[in-house]
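In structure tokens, one chain follows: the form predicted alone.
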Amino acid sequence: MEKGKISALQMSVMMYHAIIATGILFIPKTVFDAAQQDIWISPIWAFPLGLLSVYIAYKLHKLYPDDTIMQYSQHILGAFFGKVLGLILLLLLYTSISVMVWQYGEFVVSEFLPHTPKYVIVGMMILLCAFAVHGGLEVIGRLAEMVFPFFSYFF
């Protein structure tokens, strides 16, 4: 396994890219279906919960600076329940990535390439991601940091 290191800034930029893409493509319609004209209230509810999540992640990182979430969940919950939580987190990661890839395919097919089969678009994106992962975590972090100013400018 690769032992690449990235800075906290690079990690936050990578997380920002993933979250904002989902936030732009998927969340507004879902929230509007539930909230209708009260959609403006949803960020007010979401902000404290997001802040609490970031605070918990920060505190866990300070308590277990050299451990992954899988490792310190076993320290906190014990071996069995820590592994169960790790499995649940892996399943959530798998479903989250699946949704992101599906959203990307839907967006590209509907907006840019309507005559291209979605599986071709998704397959190319997965191949590109595989090359990036093969390059290593540091490469992904540097690239995310490099494109962030351009992304922010156009956003």
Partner chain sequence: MFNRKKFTFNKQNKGQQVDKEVLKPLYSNLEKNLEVLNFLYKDCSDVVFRSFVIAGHIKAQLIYIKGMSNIEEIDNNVLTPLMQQTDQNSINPISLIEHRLSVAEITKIESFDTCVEQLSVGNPILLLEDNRQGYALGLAKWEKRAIEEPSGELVVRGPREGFTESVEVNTSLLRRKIKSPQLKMKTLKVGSYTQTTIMITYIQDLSDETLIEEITQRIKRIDIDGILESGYIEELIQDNSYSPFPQVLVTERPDTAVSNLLEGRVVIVVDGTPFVLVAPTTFYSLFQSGEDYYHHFIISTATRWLRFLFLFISLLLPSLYVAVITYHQEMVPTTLLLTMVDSREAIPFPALVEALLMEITFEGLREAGLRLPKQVGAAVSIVGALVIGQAAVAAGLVSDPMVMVVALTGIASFTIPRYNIAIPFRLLRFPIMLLAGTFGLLGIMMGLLAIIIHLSTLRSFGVPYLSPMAPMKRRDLKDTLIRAPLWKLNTRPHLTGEYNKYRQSSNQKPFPNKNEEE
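Numbering follows the first chain given and starts at 1. Note that this is a predicted model, so its numbers are computed, not measured.
One more form of this protein exists, namely the form predicted together with the partner chain; it is left out here, but the text below deals with it.
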Practice task
Check, residue by residue, if 14, 39 and 44 all come within 4.5 Å of the partner chain in the predicted bound form, counting heavy atoms only.
Solution key: no
Exercise for the section: Go through 47 to 55, 93 to 101, 63 to 71, 124 to 132 and give me the stretch that gets within 4.5 Å of the partner chain in the predicted bound form, heavy atoms only. Expected result: 124 to 132
Completion exercise
Of 89, 35, 113, 27, the only residue with a heavy atom within 4.5 Å of the partner chain in the predicted bound form is 113
Exercise for the section: Spell out, yes or no, whether the shortest heavy atom distance between residue 139 and the partner chain in the predicted bound form is within 4.5 Å. Expected result: yes
Exercise for the section: Please run the contact check for residue 31 against the partner chain in the predicted bound form: heavy atoms, 4.5 angstroms, yes or no? Expected result: no
Exercise for the section: Check whether residue 19 has any heavy atom within 4.5 Å of a heavy atom of the partner chain in the predicted bound form, and answer yes or no. Expected result: no
Practice task
Give, in sequence order, every residue of 8 to 27 that has a heavy atom within 4.5 Å of the partner chain in the predicted bound form, or say none if there are no such residues.
Solution key: 9, 10
